[in-house]
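There is one chain below, alone, in structure tokens, taken in the form predicted alone.
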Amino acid sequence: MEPIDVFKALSNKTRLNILKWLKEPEKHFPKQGAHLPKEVSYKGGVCVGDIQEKAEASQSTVSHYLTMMQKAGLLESVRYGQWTYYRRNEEAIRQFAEYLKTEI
């Protein structure tokens, strides 16, 4: 994880909100998991469509934001059929918080 990539990813209000929303997906995305097969457990994973709806942005914009956040290390994703689910990468977020605490 490159700190500058994380700063860039978090420099947009919508991307920052997405990260906040994914901290409590049950609260912000109550219908999450609707497309997941019953045998699949992707704890905290939220479908791109649900994120797009909450963000009130186009699918291409939200996809770009999520890809940027994933490349920065903030998110993890998994694909099931035609749906992609995202969740926070808590370990990377913890490491970034530690970087801020010790280096800045």
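Given the structure is predicted, the values throughout are model-derived calculations rather than measurements. In case it trips you up, residue 1 is the first one in the sequence shown, and so on.
The following text describes the form predicted together with another copy of the chain, which does not appear among the structures shown.
J.: All three of A57, H64 and R87 touching another copy of the chain in the predicted bound form at 4.5 Å, heavy atom to heavy atom?
T.: Per the other structure, none of A57, H64 and R87 touch another copy of the chain.
J.: So in the predicted bound form, does any heavy atom of M1 sit within 4.5 Å of another copy of the chain?
T.: No.
J.: Should S11 be counted as a contact of another copy of the chain in the predicted bound form, where contact means heavy atoms within 4.5 Å?
T.: Although another copy of the chain is absent here, S11 would touch it in the predicted bound form, with heavy atoms inside 4.5 Å.
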